[in-house]
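Given next, in C-alpha cells, is a single chain: the form predicted alone.
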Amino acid sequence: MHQEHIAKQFDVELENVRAKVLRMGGLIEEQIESAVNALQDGNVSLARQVIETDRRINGLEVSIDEDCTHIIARRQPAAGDLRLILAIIKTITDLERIGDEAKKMARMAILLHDSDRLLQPHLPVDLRHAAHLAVQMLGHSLDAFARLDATTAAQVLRDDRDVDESFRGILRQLITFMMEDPRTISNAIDILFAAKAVERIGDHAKNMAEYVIYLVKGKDVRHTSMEEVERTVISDY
C-alpha cells in the first residue's frame, strides 16, 4: 500500500512538470506571434512587452529544471520515466531558445522602427507566413509531447522543410532589394536576422519533435534520414 502511494505521488509530480512545460510552450507561442506583429506593424510597445515577458520564460525554465533534478534525486526514475525526464530537460532548453529568438525579433522591431531608420526605404517583406509555419510546428511539437504521439512528431520533421523554403524565399527577396537600391541594405540585414530567427524557431521545434520520438520509441532519430524516422515511428519496438 505504501509503495502504491509513492507511485501515485510520483505520477502526480511527473504530470505537474509536464503541465509546466506545456504552459511554458503556450507562453512562447504568444511571444512569437507578438514579436512578428510588432515587427510587421511597427508596434514598439508590443516589442518591449515581448522583451519583458522573456523573464517569465527564463524563470519557468529554471523552475522546471529544478523540478526534474529533485525528481531524479528523490525517485531515481528508470526506463520510460527517466526518458521522460531527459526529454523534458532537453525540451525546455529548446523552448527557452525559441523565447530568445522571439526576443531577438522584438529588438529588431524596435531598431527598424526607430525614428531615424524610418527615413530609409520601406521594404515590403512579410514574415508572417514563415512565422505562421514555425508557430504551427511548435504547436504540433507541444501537442505530440502532451499526447506522446510519435506520428504527429514525425510530421513536424517533414514540415521543417516548408519553413526552410519560406526563409530562402525571403532571402531572395532581400537580396533583390539590396542589389536594386543600396539604401535598403541596412534595413534588409535587420529583416534578414529576424527571418533567420523564425527559421531557427522551426529548427528548435523540430528538435522537440525528435525528443518525443525518442520518448515514445526509445530511439534517437537525430541526424537520421526522414526514411529512418518513418521506419522508427511505424515500428512496434
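Numbers for residues come from their place in the sequence shown, where the first is 1. These numbers were taken from a predicted model, which means no experiment stands behind them.
Missing here is the form predicted together with another copy of the chain; even so, the following discussion is about that form.
Among heavy atoms of D159, none comes within 4.5 Å of another copy of the chain in the predicted bound form. At the 4.5 Å threshold, heavy atoms of G42 stay clear of another copy of the chain in the predicted bound form, well away from it.
In the predicted bound form, another copy of the chain lies within 4.5 Å of some heavy atom of E61.
Among residues of the shown chain, Q49 is not one whose heavy atoms approach another copy of the chain to within 4.5 Å in the predicted bound form. N207 is the sole member of S34, N207, T53, Q173 with a non-hydrogen atom within 4.5 Å of another copy of the chain in the predicted bound form. Here is the short version: of H140, K104, H132, H113, the single residue with a heavy atom within 4.5 Å of another copy of the chain in the predicted bound form is K104. Using a 4.5 Å cut-off to another copy of the chain in the predicted bound form, each of K90, M178 and I185 places a heavy atom inside that distance. Residues I185, S186, I189, L192, F193, K196, R200, H204 are the ones in 184 to 204 with at least one heavy atom within 4.5 Å of another copy of the chain in the predicted bound form, listed in sequence order.
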